[in-house]
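Form predicted on its own, single chain, as structure tokens, below.
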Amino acid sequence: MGSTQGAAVLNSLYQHSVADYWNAEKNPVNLRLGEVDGIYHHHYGIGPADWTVLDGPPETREKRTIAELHRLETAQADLLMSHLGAVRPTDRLLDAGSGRGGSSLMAHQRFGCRVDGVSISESQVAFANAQAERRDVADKVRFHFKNMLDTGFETGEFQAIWNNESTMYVELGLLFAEHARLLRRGGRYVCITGCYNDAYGLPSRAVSEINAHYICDIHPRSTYFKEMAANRLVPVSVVDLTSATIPYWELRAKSTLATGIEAAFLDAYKGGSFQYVLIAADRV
């Protein structure tokens, strides 16, 4: 991409720093899991873990553990998709903060419709488009070097939009204003996110550690509902996934792919300062 386009997409020094981080990121916990079936996620998992993967021959333990972590991450994406409402093959969906493209490819496979993904990481966009080409769906699943706060897409173009663990990189008021513009009336918005628990008070030390690790700014839970209400997004479903994600983190902490941030997530979740939630809302 040329520098002129980059300047138009990245509108602050912070956005440049986030883009630089993800352009350089080659973490095995993302890449090795994606190699299982070619679906590369950039989010975490939910559901009961199969702890027997830690048993058996040591020489195949890593492979079994990777497959199980990937299964849990895919289960998370499946849950998100199940909240997108009625989607027809003629509809268009938007994956805001699409990473290496796994969720977009799953959405197309599930609904058969056109899916667009946007990311401020040019390397992620190139990787995801290559995956779409490899699966022969590039005519229906396309990834764009665009800013989710100002996509340039047509107003009312989308039936559904989602953010899968990407809202902590932006101001929610700006994000939901753009989503409300892009969604047709009656369209559906879904996010899965980590947020800090207002009832706990200010962000805990563990939450601050997560912010520093990922160069992000985790929002309080209340801000999601406040900014949705201000932008014509009315929640229809709120699911607390905190307890459902803990087994994923416990298994990951025991794996060779642990990055060192696992203890902070487990401390924050178990201590009550951090929550993992799904929010689905209708555009009214």
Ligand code: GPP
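When you see a residue number, it is the position in the sequence shown, counting from 1. This structure is a prediction, so every number in the text was calculated from the model and none was measured.
Same protein, other form: the form predicted in complex with geranyl diphosphate (GPP), not shown, and the subject of what follows.
Colleague: May I ask you to check whether residue 30 falls inside a 4.5 Å heavy atom distance of geranyl diphosphate (GPP) in the model of the complex?
Modeller: Yes.
Colleague: Spell out, yes or no, whether the shortest heavy atom distance between residue 165 and geranyl diphosphate (GPP) in the model of the complex is within 4.5 Å.
Modeller: Yes, residue 165 sits close enough to geranyl diphosphate (GPP) in the model of the complex that at least one of its heavy atoms falls within 4.5 Å.
Colleague: Please determine whether residue 97 contacts geranyl diphosphate (GPP) in the model of the complex, using a 4.5 Å cut-off between heavy atoms.
Modeller: Residue 97 lies outside the contact set for geranyl diphosphate (GPP).
Colleague: Check whether residue 20 has any heavy atom within 4.5 Å of a heavy atom of geranyl diphosphate (GPP) in the model of the complex, and answer yes or no.
Modeller: No, no contact at 4.5 Å.
Colleague: Of 144 to 152, 103 to 111, 175 to 183, 209 to 217, which is the one stretch near geranyl diphosphate (GPP) in the model of the complex, taking non-hydrogen atoms within 4.5 angstroms as near?
Modeller: Heavy atoms within 4.5 Å of geranyl diphosphate (GPP) in the model of the complex occur in 209 to 217.
Colleague: Which listed residue (221, 70, 232, 43) meets the criterion of a heavy atom within 4.5 Å of geranyl diphosphate (GPP) in the model of the complex?
Modeller: Exactly one listed residue reaches within 4.5 Å, namely 43.
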